[in-house]
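Starting off, we have a lone chain in the form predicted alone, written out as structure tokens.
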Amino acid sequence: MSYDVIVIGSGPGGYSAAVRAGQYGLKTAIIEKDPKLGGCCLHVGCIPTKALLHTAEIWQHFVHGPEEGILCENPRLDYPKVIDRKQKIVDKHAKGVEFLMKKQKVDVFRGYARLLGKGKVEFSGEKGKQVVEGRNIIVATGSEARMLPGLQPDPDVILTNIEILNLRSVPKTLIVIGAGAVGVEFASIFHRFGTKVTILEMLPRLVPVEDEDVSKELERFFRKTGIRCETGAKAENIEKTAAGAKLSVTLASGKTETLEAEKLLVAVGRKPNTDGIGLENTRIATDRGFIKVNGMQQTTEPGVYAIGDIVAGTPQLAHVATAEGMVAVAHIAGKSPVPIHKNRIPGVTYTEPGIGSAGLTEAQAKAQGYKVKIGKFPFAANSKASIVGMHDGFVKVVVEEKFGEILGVHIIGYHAYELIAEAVAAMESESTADTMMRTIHAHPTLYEAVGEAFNAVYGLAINA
């Protein structure tokens, strides 16, 4: 059987690429190893974690209801029901992906796919081994959680993002190793549900890819609300016990301490799913397991493209995989796409307070030789932040001094992951700080703080 496009993997990048290929009238097939379409993001990543984060936010309103004049005596969290709701959301959207395949006449094959070279792909499905041929192949096999050496995840104590989503009760204590987006999001979830949380991070700060001021603010908030944060910390000698997990940690001070908790979450990054997919049968070049591509997402094997978490130098974000899929399919269809601009990719973390960022941090801009001006505006001075009772955080903009080019925008605060959209659109359209100063922002809104931050570049913020 022959196709114009074969997509391997049905995560956001893969299924979106298949949909777009169908929209362009290309004969398309998608191959998925798991029983349901949607990939890690839908089933054990973005969607289920955000469902839990939403419930954690709602729960906080009940806990602090009396402050707003809402009295609800002895509110009770039915955690199994929380998990069931999460699963209903996941299942609904998995069915939605199946519907999209039918709508765009994309053939769906189940099985573990391997590249055979020369446009051929083998997969093992219900009918045994089958081979399909494609004029173009898009590899979108995603990533999986890294595990510390000598450890194996299990459903009860040693957890990754997969196992922790299926707990049927809220643990009394939780140790999180790793303070990237996954680690801090789960810390934020379970802390608000009443768990005593400790975060251990080997690097000097939480969310180390973010602007340093953002990292400091998140750590300040976490500590203020009762989450223990230990940066520059090395965890060793991890073992399961009758009560849960135990480990020794060397703190930044050099002091060694023994910690115990009911559950241990390992969130130390993700590795690309490129083992066993037949790269050896091609001329595809790799770097530490990641696939090298050009601006059109082409690999060094003719007719083979790669998108998403497996791509060298790509942020491991679902929306990046989707954007890369759009570029790859447009190139296949002869649409002359524009390559992704790496400095205009939004990064989002759904903690409380949330984080949204795009472009260069202040340190990165200075390291690249830019003369910069900084504008900063606190949510404490924003009326809508007062209304929703979320005063922590700020908007920080990094601007090139001479022409006002927007180099980076970094937000930490209530729903910052939504607010960053304006900044990304401004950067994509090559707006300047002056343009953003002239842009009228509705009142009272949280995004007024973005406009005020651009005014603050020139010392002209009104409310601070």
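Each residue number is its position in the shown sequence, starting from 1. Predicted, not measured: the structure shown is a model, and the values here were computed from it.
Not pictured, yet referred to below: the form predicted together with a small molecule.
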**OP:** Tell me, please, which stretch of 90-98, 333-341, 202-210, 163-171 lies within 4.5 angstroms of the small molecule in the predicted complex when heavy atoms are compared?
**Re:** 202-210
**OP:** Heavy atom within 4.5 Å of the small molecule in the predicted complex: which of T198, Q316, Q298, Q130 fits that? Just give me the one.
**Re:** Q316
**OP:** Tell me, out of V182, A358, A385, A365, which residue has a non-hydrogen atom within 4.5 angstroms of the small molecule in the predicted complex.
**Re:** V182
Subject >> 4.5 Å heavy atom contact, K50 to the small molecule in the predicted complex >> reply: yes
Subject >> R270: touches the small molecule in the predicted complex, heavy atom cutoff 4.5 angstroms >> reply: yes
Subject >> Contact label in the predicted complex: K376 to the small molecule, heavy atom within 4.5 Å >> reply: no
**OP:** May I ask you to check whether F190 falls inside a 4.5 Å heavy atom distance of the small molecule in the predicted complex?
**Re:** no
